[in-house]
Every structure is written in C-alpha cells, then in structure tokens.
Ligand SMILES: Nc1nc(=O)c(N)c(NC[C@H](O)[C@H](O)[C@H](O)COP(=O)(O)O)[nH]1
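Here we start with a single chain on its own, the form predicted on its own, put down as structure tokens.
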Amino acid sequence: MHVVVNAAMSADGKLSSRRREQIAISGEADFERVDRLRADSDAVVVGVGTVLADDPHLTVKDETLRGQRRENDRPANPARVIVDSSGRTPPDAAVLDDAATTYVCLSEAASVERRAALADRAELVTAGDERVDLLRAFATLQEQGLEQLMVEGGGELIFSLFEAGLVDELRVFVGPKIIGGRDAPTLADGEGFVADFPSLDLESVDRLDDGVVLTWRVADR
C-alpha cells in the first residue's frame, strides 16, 4: 500500500480559519493537480471532521480522467474512505451517494443505531476499541484491493497517520494567504510529537498559480 497525504495550506501553515470554514487557498491549476491525483488513486481518505465541515463529494471532476479510468477497467471514481470512530457521518452526506463505493472506518464505540443508519449507504470497517485502529483498518482496505490511497485531511487524521507510520508521501500546496489563529487547524494537529519526529526527504518544488507545491517522501519508507 502507498499512502499519499495531499493538502493545501496557507503560508503560515493553516488549513482553514479558526471557525473551520473552508477557505480558497489554491486556484484552478491546483484543483486540476488534485483531480489528477484522485484519478490515479484507488481510494480517497478523509476524517469525519472534514465530512462534517465541508460535505465533500470526493469524486473525479474531469470527464476525461473518469473515462481513462473506465478504459483501464477501473470504476469512474476511486473509492471513498471516512475515518469516523463513533459513526458521526450524516446518512445524507454527499460522500455516501452512489458515485463510488464508500467505506466508513469505525471503532467498537460506534453505537448500533449509528451503524444501522450507515450500513445501507457504505461498507463498514470496524477496527479499534474507542478510536479507529488505523493499522488494522488500512490492512482491511488493502485486502479489498485498495493499494494507492490519497488522504485529503483533516489535520487530526493526518497526524494520526504519521503517528501510525502509514504515510509514504506528502504533497502540499502552499498558498499566498495568511490566516493566523492559535485555534485554526494546521496540517498535522492531534497531540503532536515531542520526540521521534517523522523526517521527510524533499523530492520536488514546483511553482503553481501564486504558490508552490512541495513534494516530500517520508524518510526510511
């Protein structure tokens, strides 16, 4: 399995404002880059916080890219994966429509009622007691044939994936905005590291729109 984390952040490292409202950080050229990355992936992964804040669809937008996937005997859109320990995903969320298969990764703490509300709309993966055990959940996804995973956030999930040692590559568009705010989400939130910090090897730097795309490989992966 190869896991790529992709994100757009402001020049000061924020994913959105302290209100956690979606902010346009990048432009059309970066949107096209992200669409190509989605089209190259077997699945797109987000945390439930992203679903609740943005209600994303997580599909490939460009018809040509969808057509290329079909020509290669793949579904038009990659699968979608939500990491959602307690089952907070709304049953009417856009990511649960029939445009692609959706997996919801739950912990044992998710109630029977919430599981029942999601079971008709998604494939449920249970791993972990109070929180999703990402190693076990991703192993299950790999058993389903999902080898190339693209992670689109948010910061809590990204930190947890680095903590679990699951990230192979990090791609970040850094845009020309300052957002600020000590409570605004950053690329990797969560508890944060105090030792054994993950190290990255810079692979490329590409100017795009009025920002820059940085591509790192995770060292020793």
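Quick caveat, the model's predicted, so the values are computed rather than measured. Each residue number is its position in the shown sequence, starting from 1.
Keep in mind the form predicted in complex with the ligand is missing from the figure; the text below concerns it.
The candidate spot formed by 39, 41 and 62 lies out of contact with the ligand in the predicted bound form, as no residue has a heavy atom within 4.5 Å of it. Residue contact check for residue 56: one or more of its heavy atoms lie within 4.5 Å of the ligand in the predicted bound form. Taking non-hydrogen atoms only, residue 24 approaches the ligand to within 4.5 angstroms in the predicted bound form.
With a 4.5 Å cutoff on heavy atoms, residue 8 counts as touching the ligand in the predicted bound form.
Although the partner is absent here, residue 169 is not a contact residue: none of its heavy atoms lies within 4.5 angstroms of the ligand in the predicted bound form.
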